[in-house]
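Read the single chain below, which is given as structure tokens and is the form predicted on its own.
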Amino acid sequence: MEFTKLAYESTDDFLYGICPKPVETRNGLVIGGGEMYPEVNFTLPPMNITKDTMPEVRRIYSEIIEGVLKKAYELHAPGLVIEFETLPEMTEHPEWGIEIHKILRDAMHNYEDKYGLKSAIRMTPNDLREMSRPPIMRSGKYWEAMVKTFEGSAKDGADFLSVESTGGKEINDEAIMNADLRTSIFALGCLASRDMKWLWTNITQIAKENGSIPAGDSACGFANTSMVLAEQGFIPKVYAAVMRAMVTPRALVAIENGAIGPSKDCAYENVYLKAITGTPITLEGKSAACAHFSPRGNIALAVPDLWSNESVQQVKLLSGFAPVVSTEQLTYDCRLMNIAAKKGHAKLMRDLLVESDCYLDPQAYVLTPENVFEISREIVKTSDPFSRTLNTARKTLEIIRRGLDKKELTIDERDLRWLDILESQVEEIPEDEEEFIEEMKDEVDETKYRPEEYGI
């Protein structure tokens, strides 16, 4: 599949809860069909995961899912999605992850049978491949464990298969700390995109063979890492803003190779994917403060089809356990959004959410519907991921610069200096990918990655 134009004619139609290509689960839950649903993600409190502690692990997950489903039912949620992101030990031992998936899925079936609460589960095995250094991407025990986890949970009834893949991250980690846009373009446009094609061809095949939906990826280890470091003052916000848009061509590869959505919650770049592909997306923002802080808490709520809390540990708060608290927050958020849409005010609600954030941080500014469309149109002008990544960086820098010239975007003096630096970095990158790869082979420490694992 190749995308050469946007899925929308106008930003007026670019709204939350609805998209041109909705996805329907086996039990009839439609994502992107006109109603927004909460997507609840949770994890264990701090503890060791071993064979000896697995009985306690099972008990905690049973407790979590019962609390979440009970709260969703009590609040009359029309439906919900549960995301189970495995912890590393649960993917290294696929039987553990599959067993927990079954606990969650059985409870969800029970609530649907007894109370009519429709739900779907997203299975997200963590990407173990980076645990070998330099990473082995296409074979070995870590990849085999991931395959077993995908296959086992799909056979057990997982509705959606997702992953936060890490191809190219071993190079990009250092680039982030140095705000090195040149190396990030190499990591994303040359390495990660090649890995995504191989990875999502395999995930899509597993999903089709076992009745699951290949949903989508997240560049959490790239763009979200940049966002968090920028919020802590370690790197410039303009770099994080460019990274946010620049990971989109990489994410688009998943959809070109079979993924159909809804893409993962922590991928704020999903807004560009929705504009280009018309597939449903999940996002997180203000109601994910339990997991991380963000300069785009409201604007993130402008166009998603699922609304997530990112993840929260099973810890006790004054009102109750944190996953149940998140369930209430997300359900109320979605209820408000759905009522606004039913009364014909979806666009007004969207625009209010956008305007409340967009001028205060470049990371929010690049997510306005108008800027999303402009960047997305630049992406689909070419077909290869490298050109798309390079052009996205240029266009995003141009938009930030224009926002400053119009005096509608606020950035600090440090970021203003870095904007000049980043523009210079991009200007030095050749248009030809093979020429660029040869240059980067001399610049990047080859003890940190295996070029052959990316086919270069």
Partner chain sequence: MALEELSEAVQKGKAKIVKELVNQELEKGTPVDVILNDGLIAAMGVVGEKFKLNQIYVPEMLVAARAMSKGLSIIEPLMTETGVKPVGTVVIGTVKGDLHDIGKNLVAMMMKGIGATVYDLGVDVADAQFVEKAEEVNADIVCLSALLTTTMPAIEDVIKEFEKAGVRDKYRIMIGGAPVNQAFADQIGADVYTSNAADAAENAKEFLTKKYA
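Worth saying up front: this structure is predicted, and the values here are computed from it rather than measured. Positions refer to the first chain, counted from 1.
Below, we turn to the form predicted together with its partner chain, even though it does not appear here.
Of the candidate stretches 29-37, 396-404, 44-52, 427-435, only 44-52 has residues whose heavy atoms lie within 4.5 Å of its partner chain in the predicted complex.
In terms of contact with its partner chain in the predicted complex, the residue from I121, A179, I136, C290 that brings a heavy atom within 4.5 Å is A179. Among G211, G320, G140, P88, the residue placing a heavy atom within 4.5 Å of its partner chain in the predicted complex is P88.
Shown here without its partner, the chain carries M131, K237 and D412, all of which come within 4.5 Å of its partner chain in the predicted complex through at least one heavy atom. Contact annotation: R417 falls within 4.5 Å of its partner chain in the predicted complex, judged by heavy atom distances. Of the heavy atoms in N338, none are within 4.5 Å of its partner chain in the predicted complex. The shortest heavy atom separation between Q313 and its partner chain in the predicted complex is within 4.5 Å.
When its partner chain is considered in the predicted complex, T225 lines it closely, a heavy atom lying within 4.5 Å. Residues of 60-76 placing a heavy atom within 4.5 Å of its partner chain in the predicted complex: none.
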